[in-house]
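Given as structure tokens, the chain that follows is alone and in the form predicted on its own.
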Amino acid sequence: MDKFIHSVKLDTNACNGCINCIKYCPTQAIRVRNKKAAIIPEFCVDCGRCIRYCPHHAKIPAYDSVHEMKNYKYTVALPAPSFYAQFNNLTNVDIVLNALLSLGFDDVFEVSAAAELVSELTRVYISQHSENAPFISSACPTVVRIIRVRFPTLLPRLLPIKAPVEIAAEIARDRAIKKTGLPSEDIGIFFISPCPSKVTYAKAPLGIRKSNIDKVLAMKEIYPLLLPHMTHDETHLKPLASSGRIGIGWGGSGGESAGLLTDNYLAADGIMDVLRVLNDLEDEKFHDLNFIELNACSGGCVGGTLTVENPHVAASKNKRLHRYLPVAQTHLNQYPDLESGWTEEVEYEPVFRLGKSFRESLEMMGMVEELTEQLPGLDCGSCGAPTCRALAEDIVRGEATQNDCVHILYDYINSLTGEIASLTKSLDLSEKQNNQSLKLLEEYIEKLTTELTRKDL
């Protein structure tokens, strides 16, 4: 399986070559070349930030269509905890769950119910391995991917427990097989996701070999389809909800930590704050913590790029919804055969390493430092790279030249025009000298034309 499958795509027809995306990408995974953006797959972690900040909507999320339901004999919907916070004046989760059945799904299983199981599993795991604390939540796929490529020393701190969505998918599939007698391939498990990161997870999961999720739907696509099926007449609702405050609380930042029933935790949301926390954790600046909850999206999953509600409003709705619920309704003793641990190790992927060996990388790093000193240090992005240092790395990799920097290019052009002017003045010499001067003049003009054409000036 490709290690770098992604669900954030580029619409080249919509892209006009502006540099907004390269400035907002937290892993410097985007370059602009020939007036079009390009995503470097090895660097991308599917945070979706470029989708949010692209003014031309050229960055688009890839996800599945609800019409995929017809390809299965039995379908199960897995609504994420953040899904409930998209609706106005929702007082009962069963309203949403029954609407999903009315939409055409044969069954539903709440990811928030699986989240309560993960909270319980995490409490047990931390108590049994307290000497290795703090542990980092592995529920956000973007965070796991960032650690995999940028923070190899933190890999042992990742909590080796399957994400709630995966546990929900496994329980839902097992339950559907027992209920219908159908083979697994006839059962479709559909996750309703708040972000493209979880779309990528379903295709290329980390910590396990293959996900039980068959298709991933976007909340923003399901939301308008569901509204006509929602009824507030609670007398005719099937009692489907099976989660409490802990499970639904996972939809917002701090919800996972609250489920651990401890004060020794840190919760951060937003990709830039996540990177600061990981840098500080790598530098051993935190003490007396048991758990670190990190969400790439601002506000947690309620701030995902596939949601419809303002993340701050959604966070408020999420808290209001679960205020009067029981603490938890799903417990481990209900699933004695649950396989909850990772089955594969998440390994470091040195995608940012310049060379093939340590020695080669060291030499190339020296070249990068030297080139960075020669560049203006403005980090203007006009070259198509986010910073001057990123351009220097691209040059060392052979993917760019110094003349991609417009400031250096203009200096180069000025020097060429000066040479041309000097040669023009010498054309009143002997015929032989004239021929030599004309030949040099033609070469300089050719160089100048090549650079101007390449930069489209």
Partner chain sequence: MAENLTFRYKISGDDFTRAGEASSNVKSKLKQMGVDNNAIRKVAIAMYEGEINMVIHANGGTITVEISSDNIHLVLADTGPGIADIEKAMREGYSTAPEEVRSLGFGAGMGLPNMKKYSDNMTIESVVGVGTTVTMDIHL
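Residue numbers count along the first chain shown, from 1. Bear in mind the structure is a predicted one, so any value in this text is a computation, not a measurement.
Below, we turn to the form predicted in complex with the partner chain, even though it does not appear here.
Contact with the partner chain, judged by heavy atoms within 4.5 Å in the model of the complex, is confined among 135-143, 205-213, 280-288, 121-129 to 280-288.
In the model of the complex, Leu362 approaches the partner chain with a heavy atom inside 4.5 Å. Contact check for Asp64: no non-hydrogen atom falls within 4.5 Å of the partner chain in the model of the complex. Contact annotation: Phe151 falls within 4.5 Å of the partner chain in the model of the complex, judged by heavy atom distances.
In the model of the complex, the partner chain lies within 4.5 Å of some heavy atom of Phe358. Among the residues Lys220, His229, Lys319, Arg353, the one placing a heavy atom within 4.5 Å of the partner chain in the model of the complex is Arg353.
This chain lacks the partner; the member of Glu339, Glu369, Asp263, Glu347 within 4.5 angstroms of the partner chain in the model of the complex by a non-hydrogen atom is Glu369. Contacts to the partner chain in the model of the complex (heavy atom within 4.5 Å) from stretch 382-399: Arg389, Glu393.
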